[in-house]
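Consider the single chain below, provided in structure tokens and representing the form predicted alone.
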Amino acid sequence: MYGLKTDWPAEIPPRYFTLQEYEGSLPRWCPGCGDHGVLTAVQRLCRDEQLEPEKTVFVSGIGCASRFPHYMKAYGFHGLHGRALPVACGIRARRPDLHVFVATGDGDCCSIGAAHWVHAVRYNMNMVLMLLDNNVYGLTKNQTSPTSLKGRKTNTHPRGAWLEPIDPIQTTLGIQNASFVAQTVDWNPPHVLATLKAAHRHPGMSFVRILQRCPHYPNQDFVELQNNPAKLLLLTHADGIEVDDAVKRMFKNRQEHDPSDLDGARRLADREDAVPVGLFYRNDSADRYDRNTVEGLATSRRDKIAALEAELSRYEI
């Protein structure tokens, strides 16, 4: 046709996602809740890594932290109490093309979901597990959780919790085939973001414990850590969590720790004089169960039916 320009490029320009494109419903967490900072860090992670919203999924169980999928403009699955990880493993098994994140709390993960936590770490399927640990059942109004400090007074233990708490870092380091174990604090947003970026880039199950303030129950647990930076110990290493000098200066105490040293990681996790933050352990070569579950994904429906009928025919009389 006369005058028609035929040399225009046919390529579609690349998409670019802004922070607003990851913002879901307005968060309903209490003012001052540490979950707000973690949500912002995750949205920044998605923006910085340019994760396609339609290729990203957030899975949760029950609890304050488990509201997470509602506040991300991506796919989400708000599951049953303690059952986030089986759902996430199922998604990873059948949709290896998706970026999978799990948001769970200390009650959801370490109590009713403890068995799933152990096996999900052992399966080492490629996903990020964020444990938002505030040491209490907050959504159901102040009951003792598995990570509540001994002596902490709650509605279920008005005279104080009887037992020493579970240490999620030590527990995870003790699970066979653990491949990425890190810890951070919600009141240091740059470190949270750097930790989650390293977790997302890791090829396997990334377990990230985030010490997370609850403004109501019990609001004093992390006050000393905030007021006395000397109680925090920044783990540094070339293969650890990469942070700039400005972030490092926020920590009075630092220690070089090789994340390939499992015994060293366990000794650090057992320290009582300081709370380490950073990467405890990483093993990029650990076995991954999702490398087996992808077998047969490309099989057509016709071939699946034929194989099923052939198998059933073996039992004909």
Partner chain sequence: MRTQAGTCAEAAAVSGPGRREPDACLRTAPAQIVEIVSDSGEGAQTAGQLFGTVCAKMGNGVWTVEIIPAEIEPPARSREGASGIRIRFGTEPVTNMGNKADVVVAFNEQVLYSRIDQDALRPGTVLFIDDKWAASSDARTREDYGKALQDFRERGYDVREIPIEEQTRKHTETPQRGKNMWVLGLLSALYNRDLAPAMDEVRLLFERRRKGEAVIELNHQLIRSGYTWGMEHLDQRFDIPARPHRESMVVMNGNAAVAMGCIAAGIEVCSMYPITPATSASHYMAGVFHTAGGFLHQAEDEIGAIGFALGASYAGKTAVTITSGPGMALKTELIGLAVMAEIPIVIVDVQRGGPATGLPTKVEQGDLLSSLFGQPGDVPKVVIAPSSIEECFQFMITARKLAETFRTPVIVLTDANLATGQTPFAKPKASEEWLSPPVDQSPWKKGVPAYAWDSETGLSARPIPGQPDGAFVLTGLAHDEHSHVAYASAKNQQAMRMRSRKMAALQKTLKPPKVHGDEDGDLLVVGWGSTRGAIEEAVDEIRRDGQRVSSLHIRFLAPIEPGLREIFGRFRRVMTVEINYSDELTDPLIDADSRRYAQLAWLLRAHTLVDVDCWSRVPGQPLPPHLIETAIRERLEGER
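Residue numbers count along the first chain shown, from 1. We call the rigid core the largest set of C-alpha positions that still match within 1.5 Å between the two forms. None of these values were measured; they are calculated from a predicted model.
We do not show the form predicted in complex with the partner chain, though everything after this point is about it.
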With the partner absent here, would 76, 90 and 116 each sit within 4.5 Å of the partner chain in the model of the complex, counting heavy atoms only? yes
Name the stretch, out of 227 to 235, 137 to 145, 200 to 208, 186 to 194, where some heavy atom lies within 4.5 Å of the partner chain in the model of the complex. 137 to 145
With the partner left out of view, is residue 69 within 4.5 angstroms of the partner chain in the model of the complex by any non-hydrogen atom? yes
Taking 4.5 angstroms as the cut-off for heavy atoms, does residue 284 touch the partner chain in the model of the complex? no
Taking 4.5 angstroms as the cut-off for heavy atoms, does residue 292 touch the partner chain in the model of the complex? yes
Taking the partner chain as it sits in the model of the complex, is residue 46 in contact with it (heavy atom to heavy atom, 4.5 Å or less)? no
For 295 to 315: residues with a non-hydrogen atom within 4.5 angstroms of the partner chain in the model of the complex? 295, 296, 297, 299, 301, 302, 303, 304, 305, 307, 308, 309, 311, 312, 313, 314, 315
Superposing on the rigid core, does the Cα of residue 309 end up 2 Å or more away between the shown form and the other one? yes
Is residue 20 displaced by at least 2 Å at its C-alpha between the shown form and the other one when the rigid core is overlaid? no
